[in-house]
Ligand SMILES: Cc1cc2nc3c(=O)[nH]c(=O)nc-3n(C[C@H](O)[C@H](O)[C@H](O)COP(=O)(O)OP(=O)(O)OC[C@H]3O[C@@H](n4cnc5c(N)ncnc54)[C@H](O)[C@@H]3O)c2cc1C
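So this first bit is one chain, no partners, the form predicted on its own, shown in structure tokens.
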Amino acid sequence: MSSAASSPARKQSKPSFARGLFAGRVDEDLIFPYPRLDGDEAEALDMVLAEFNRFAGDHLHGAEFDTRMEIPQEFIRQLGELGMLGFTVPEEYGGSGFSTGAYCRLMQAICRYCAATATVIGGHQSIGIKGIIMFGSEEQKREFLPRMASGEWIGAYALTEPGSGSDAAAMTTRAVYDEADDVWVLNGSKQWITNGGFSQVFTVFAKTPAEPGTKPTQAISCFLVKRELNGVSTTPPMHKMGIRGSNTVDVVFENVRVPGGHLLGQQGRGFKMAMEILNTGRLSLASGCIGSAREMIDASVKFALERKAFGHAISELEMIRHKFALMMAETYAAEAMVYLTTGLCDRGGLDFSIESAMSKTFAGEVLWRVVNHAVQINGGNGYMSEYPYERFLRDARINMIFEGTNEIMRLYISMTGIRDAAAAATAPSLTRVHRALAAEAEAAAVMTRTFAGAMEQTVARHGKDLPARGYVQERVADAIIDLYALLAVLSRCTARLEAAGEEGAARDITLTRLFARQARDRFERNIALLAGPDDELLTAASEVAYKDGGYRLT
């Protein structure tokens, strides 16, 4: 890998804000003003959320679903009647036609009640339907979308296999075209498929022969597979740590004859399609994390204000205050990041894949810290099943695993963005940040310049070995996640300042300033560690476990 200083940055087909950061650029037009839903959509969304909250209060029993390890089909049918299952499907195909930003706000609301319910909706709508909306032919859209939008047909996304999670190249499911009957013969299995036990339509990825004389000899294609076809079978539902009400199964395809007209998109383009579908799916996952985090904060504040110890409410204890400060600032930042990114998504014509991966990674880890603090604040109550905290803790853990583990996300963030690495000649000027945040804006500008210079040095230091340097990739990803989160917070707080003035935005300013200091401190540590002072020691310590087959010290 050559230094970007000696070769031009790779030309991008779509503008990308995050890639610009690797070259020391802050394209303020992409992040200012902070995105808002337009008036009509915001009004419609408010009505939908009000109706959902009324329904959820009577029918959404997250603790019961968790105990039963099942969400009743009647409840899922009711979600369809409410329009929850066709929220982003265009109106012409029977859906509500809401934007990604509006859909993510719906998912945020659902996760205040039950992450398992959000998982069922997301498995169907975030990724199960999305491929048809994005890549389907007109005939496919008219055949599948109306029934899927109503909930008559539930969708599932089938990519992961027992031997190939994030490594799509190891996929073994294959489809061979039978020209005589115009069908694809599909064989293989998929693992951990959400909604797989009751879905009527699977979006299935399989290897297919590439064009003769081209490399590789096998490419990945995508198919719409109906459950009713002979040879489709599923295992019993799996027992899980969390989101236990959601349905998770393995799906097996044995000589399934898929009609030729149900090839989704272009043959051989399946991997790219899979990644584009997951880009929006990761945003809805991240927004759900925000909903759960907000619920945990609200419940914990109520407890802390009421619980007395040594004659005072525990909310007065500085160790408890510290927890709430972190919970508030990080949730504020995660929310800013997610909805800045949904704004990029809804603009159209932009590459937001890195931003989506950063949002998923950051929000999932913020929720894990928030719910952990909530359990601690609530003490013994936090550990008991009669209270929601232990369920939220179990449910939160999956967010760092599914739709791409956070390790894979960090690999993607670093290795995709660093292709555009270049040293910034000067620190970019952030001219659209409100004057009340001048110090924080200056810090973000310096961080951007520092990051770009560090990326150029990293490329020069490691060259072609960089893909194997996981320590480096993790630090690069963590540094830019904090930088992007800070810029998102500055955009969000600026919008609040412009709308309400400094007095009206006092809470936003406090959280912005606290997050800015913490993000800068983490950023500086990660940049310093890029030189690798601890790498040999980390490797040696891990070898102690590997060579001994575990912990064998006496």
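Throughout, we count residues from 1 along the sequence that is shown. Keep in mind that what you see is a predicted model, and the values were worked out from it rather than measured.
As for the form predicted together with this ligand, it is not shown, yet the points below apply to it.
Trainee: Within 4.5 Å of this ligand in the predicted complex - does that hold for a heavy atom of every one of Ile243, Phe402 and Glu407?
Mentor: Judged in the predicted complex, Ile243, Phe402 and Glu407 all sit within 4.5 Å of this ligand.
Trainee: Using a 4.5 Å heavy atom cut-off, which residue among Tyr387, Trp192, Phe75, Phe324 comes into contact with this ligand in the predicted complex?
Mentor: Of the candidates Tyr387, Trp192, Phe75, Phe324, Trp192 is the one lying within 4.5 Å of this ligand in the predicted complex.
Trainee: Using a 4.5 Å cut on heavy atoms, which of Thr416, Thr234, Thr160, Asn381 is close to this ligand in the predicted complex?
Mentor: Of the candidates Thr416, Thr234, Thr160, Asn381, Thr160 is the one lying within 4.5 Å of this ligand in the predicted complex.
Trainee: Only one of 78-86, 243-251, 144-152, 221-229 gets a heavy atom within 4.5 Å of this ligand in the predicted complex; which is it?
Mentor: Single hit among the candidates: 243-251.
Trainee: Might Leu411 be said to contact this ligand in the predicted complex, defining contact as any heavy atom within 4.5 Å?
Mentor: Answer yes; at least one heavy atom of Leu411 falls within 4.5 Å of this ligand in the predicted complex.
Trainee: Evaluate Ile398 for contact with this ligand in the predicted complex, applying a 4.5 angstroms cut-off between non-hydrogen atoms, and reply yes or no.
Mentor: Yes, Ile398 lies within 4.5 Å of this ligand in the predicted complex.
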